[in-house]
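Shown below, as structure tokens, is a lone chain in the form predicted on its own; questions about how it binds or moves come after it.
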């Protein structure tokens, strides 16, 4: 029972994800594709949570790592015999490269992590609005490089002929792996030190915590998971364009995290499944669907309008998200991790009124159980 209580914040969301995946296999083929898309989107949101949720620093640049991971995996897995004619400007190494599904996912994770580490060295010295603008600039630069530099990719054209291997088993397994990595990180001493910087960076630094280093490690890990998510995405779609991994994906995934609860893994999973599922359903409804004996066809624009209203209502009436930024614990008690301070609270204050001494010192309040 003690082990179950400790691991329930991971087991609970894992059971929810598994139930969604199992249930999706009994739906019509067109709907199955949407369910797989929801699972892959949840991988992206969890990768985003690893940095944003633990550090408290808003980043728009995590989709950059999804993009480079998607294009790296897609180019590496595409048939080598068609690349010279389809993409004649590719450098010889990429034109001749052809690897399998698993190898391409590993490559995507490695490329995403390396890219995150390089750009994170200067960026992780920033906080607040400056960090948000800088990471947004990284997203813009990444998109322009991928769109215009045809020596490393298809440029403005569609990267196609990619083996479609991200079906239910691979999508679910990939999501469970990413969730496990996220949970192990947040409960490790590295994750607790980063959360201490989120609560009060000055107090954490005075306690001997290197804020820049802790943020950089989390940023890099988020890049690894984001690149891996990009690999899953490109193997699910079978093709990719730069527009598919740009502004729309960046804003919708961040909104999913905020709606679910930015400070918890449980919130990341719930927000992603709910918003992505609603988005997929409304997209199908705009094209016309049949529910039992009832035909439903929504007017164009209903999807974006409904999503906007849902997000607005949640932010207005539940600022900490649907889960309150708390982990799901056994027996559904409040999380041992304090939620992030709301905008109305002074910087460095915790919901209980203090800075959270045990976390500032990097000590887990439940360390005696571990």
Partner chain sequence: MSFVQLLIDATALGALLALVAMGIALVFGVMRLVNFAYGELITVGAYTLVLTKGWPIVLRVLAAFVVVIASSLLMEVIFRPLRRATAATMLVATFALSFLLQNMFLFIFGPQGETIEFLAPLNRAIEIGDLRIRWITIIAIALGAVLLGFMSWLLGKTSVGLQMRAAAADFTTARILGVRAGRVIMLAFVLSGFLAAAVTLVLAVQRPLATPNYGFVVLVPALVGVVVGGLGKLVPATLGGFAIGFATVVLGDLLPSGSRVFLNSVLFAIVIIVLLVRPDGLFTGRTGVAERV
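Positions refer to the first chain, counted from 1. This is a predicted model, so every value here is computed, not measured.
The same protein has a further form, the form predicted together with the partner chain, not shown here; the description that follows concerns it.
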Of 290, 206, 148, 85, the only residue with a heavy atom within 4.5 Å of the partner chain in the model of the complex is 148
Consider the chain as shown here, without its partner, and state which of 138, 273, 162, 107 has a heavy atom within 4.5 Å of the partner chain in the model of the complex.
-> 138
At the 4.5 Å heavy atom threshold, is residue 302 in contact with the partner chain in the model of the complex?
-> yes
Any chance residue 158 has a heavy atom within 4.5 Å of the partner chain in the model of the complex?
-> no
Looking at the partner-bound form in the model of the complex, is residue 29 within 4.5 Å of the partner chain by any heavy atom?
-> no
Is residue 307 close to the partner chain in the model of the complex, meaning a heavy atom pair under 4.5 Å apart or at it?
-> yes
The partner chain in the model of the complex: contacting segment from 140-148, 86-94, 99-107, 227-235, heavy atom within 4.5 Å = 140-148
Looking in the model of the complex, is the partner chain within 4.5 angstroms of a heavy atom from every one of 60, 262 and 317?
-> yes
Within 209-241, which residues come within 4.5 Å of the partner chain in the model of the complex, counting heavy atoms only?
-> none
